[in-house]
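Given next, in C-alpha cells, is a single chain: the form predicted alone.
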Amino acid sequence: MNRIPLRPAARTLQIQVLRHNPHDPASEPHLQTFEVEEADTMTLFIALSEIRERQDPSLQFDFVCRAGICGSCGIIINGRPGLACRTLTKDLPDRITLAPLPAFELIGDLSVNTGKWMRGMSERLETWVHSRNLENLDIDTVEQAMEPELAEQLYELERCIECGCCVAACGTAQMRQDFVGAVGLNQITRFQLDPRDERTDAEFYELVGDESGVFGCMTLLGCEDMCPKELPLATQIAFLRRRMVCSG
C-alpha cells in the first residue's frame, strides 16, 4: 500500500524589522518582531505585505513591479543587501532581520530615497549621449547600426536596475558621501563604449578620475557580490581604471 507522504508543518517566521520615522521627533530606532506563518513560494515581499495588511498598517517599505525589475524593494536582509521580491523565505532561517539600505536618505522603516541619490549621481555624471552637433542630429544618427558584440556589451551594462544594493554593499560609499558607486561607474563605462557619445577620455576623466570616482574603489567586490542582476561590476571598474591610467 502506497502512502502519501505528509507535508512538513509550515514554519512560523520571526521577522525583526528596524523601525524608525525620521520625521517624528519622538521616534527612536528599534527592532520590532512580527510572526508570520510561512507559505509555499513565499517571498519577503509577500511576508511584509501580510504584516502590513494583517498586523501593522504603518509599516513602510517600497515596491512597484514585484518582479526584480524596478529595484524599489532593496533592503538589508540578515546583514546583506537584496531585493525583497526576489528573496524566498525558504532560503532563510526562522529568524529574519530586516533593515533599510544604508547610504540613502531614510523615509521610514525599510523605505529609503534611492531615486534622489540616483538622480543626483546621474546629473553629476551627465549620463546621456553627448553630441557636439545637435542641430544636425537625426534619428538615423541616434539609431545607427553597431556591431552585435558591442550592442551586447552595452545591453549588459544597461541591465542595471538602480536598486542601490551595490552602494549599500560598498565600503567606500559608507565612508564618502560623494562617491559615485559602482552604479555610477557602470554608467560611465557604458557611455565610453557607446560610439554615439562624442566625449573624449579626458572629459570622462574629469567626471570620475579621482577618489570620488574610479580611484576611490577599494576593490572589496561587495558591489559585484551583492548585485541582484549579477552584473560584472568589478570588471567594469577595473576596465575603467585601466583606461583612465592609459589616457592620463
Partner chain sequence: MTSHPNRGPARADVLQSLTGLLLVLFIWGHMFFESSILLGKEAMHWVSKMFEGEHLFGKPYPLLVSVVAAVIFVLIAVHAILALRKFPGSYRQYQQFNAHMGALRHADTTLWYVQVITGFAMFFLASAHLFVVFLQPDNIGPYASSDRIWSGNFWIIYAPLLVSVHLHAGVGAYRLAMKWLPIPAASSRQVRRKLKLVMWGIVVFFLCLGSASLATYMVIGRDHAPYAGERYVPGKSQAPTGEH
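Numbering follows the first chain given and starts at 1. Quick caveat: nothing in here was measured; it's all calculated off a predicted structure.
If you look for the form predicted in complex with the partner chain, you will not find it shown, but the lines that follow are about it.
Student: Would you check, heavy atoms only and a 4.5 Å threshold, whether residue 205 touches the partner chain in the predicted bound form?
Tutor: Contact with the partner chain, yes.
Student: Is residue 219 part of the interface with the partner chain in the predicted bound form - any heavy atom within 4.5 Å?
Tutor: Residue 219: yes, in contact with the partner chain in the predicted bound form.
Student: Quick one: does residue 100 come within 4.5 Å of the partner chain in the predicted bound form, counting heavy atoms only?
Tutor: Looking in the predicted bound form, residue contacts with the partner chain do not include residue 100, since no heavy atom lies within 4.5 Å.
Student: Taking the shortest heavy atom distance, is residue 93 within 4.5 Å of the partner chain in the predicted bound form?
Tutor: Flag for residue 93 set to no.
Student: Within 75-96, which residues come within 4.5 Å of the partner chain in the predicted bound form, counting heavy atoms only?
Tutor: Contacting residues: 78, 79, 80, 81.
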